[in-house]
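One chain is shown next in structure tokens, namely the form predicted alone.
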């Protein structure tokens, strides 16, 4: 039955869509249905970018998986409403072109309104540019913010009772207030990217090279995988300072034929282990391509063992451990390796 669930869900949406198209589309009914079903968790008065019918269908399927309640006809009508909805957001990331196809496009007028709400309720903890402080998290680096699209993650989190600096309850903010703050936060994220016209590269070499060497050989655990006379020899001459810092904090973005890659090793009962690059990895199937490019596939059963070999795991673990000082000290040290 678990294998049939996705098929049955798609079939129900298809039948609902056919039924909805058989009736005349009524904007008021569609909006009322949208508010009834989606307004339980989401603000319904914020702007959204245009998407294809397939994209909205996938979004609705995800919401159903998270517990959204409605009939097939209602979900089909909601998809139709979202397809027809006017006033799609205008803006972007201040000219930033990088990012996923569904990235949050900033409504700059909303972000400017959100700046006022931010100053009144958020700035003391999260700072002027949402980069955090002693009392609040750095939202520019927040995984929740980076996954958020038009309040999909941030607004439900705030509605759980997140405190405001004024002492007022979160319910004192309207749906528009929350949406405006979301646009403001995303604007701060985009303003840190090189593609932003207001981006200004600061002097990144502010650390202590000796402290960086101590971190590299000690608390950072870098010598477990790296060597300054081996893979990191003369690395300070290979990259400019911003690129080198990026390789420290986000090595997954590295390019080139010799870059490390995630591999998996699959061992089926009575068979030798097979290692390669993952091609499929879900609840039902695991597949890979070995070093020769040969495709291997297995059904996920209890006697099939899968081990993930991630060369970046240690870097991921460091993101929760090292401080800004550690990163700048380490950068200052690696720059000296010429």
Ligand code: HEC
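So that the term is clear: the rigid core is the largest set of C-alpha atoms that superpose within 1.5 Å between two forms. None of the values given here were measured: they were computed from a predicted structure. Residue numbers count along the first chain shown, from 1.
One more form of this protein should be noted, the form predicted in complex with this ligand, which is absent from this view; the next part is about it.
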- Query: Does this ligand get within 4.5 angstroms of any non-hydrogen atom of residue 251 in the predicted complex?
  - Reply: yes
- Applying a 4.5 Å heavy atom distance criterion, does residue 314 contact this ligand in the predicted complex? yes
- Heavy atom to heavy atom, is residue 157 within 4.5 Å of this ligand in the predicted complex? yes
- Using the partner position in the predicted complex, report whether residue 165 sits within 4.5 Å of this ligand, counting heavy atoms only. yes
- Given that the partner is absent here, state which listed stretch (105-113, 243-251, 75-83, 262-270) has heavy atoms within 4.5 Å of this ligand in the predicted complex. 243-251
- Mind listing which residues of 203-222 have a heavy atom within 4.5 Å of this ligand in the predicted complex? 215, 216, 220, 221, 222
- Message: Quick check on residue 127: with the core superposed, does its CA move 2 angstroms or more between the shown form and the other one?
- Response: yes
- Compare the position of the CA of residue 247 between the shown form and the other one after a rigid core fit and state whether the shift reaches 2 Å. no
- Message: If the two forms are fitted on the core, does residue 144 show a Cα displacement reaching 2 angstroms between the shown form and the other one?
- Response: yes
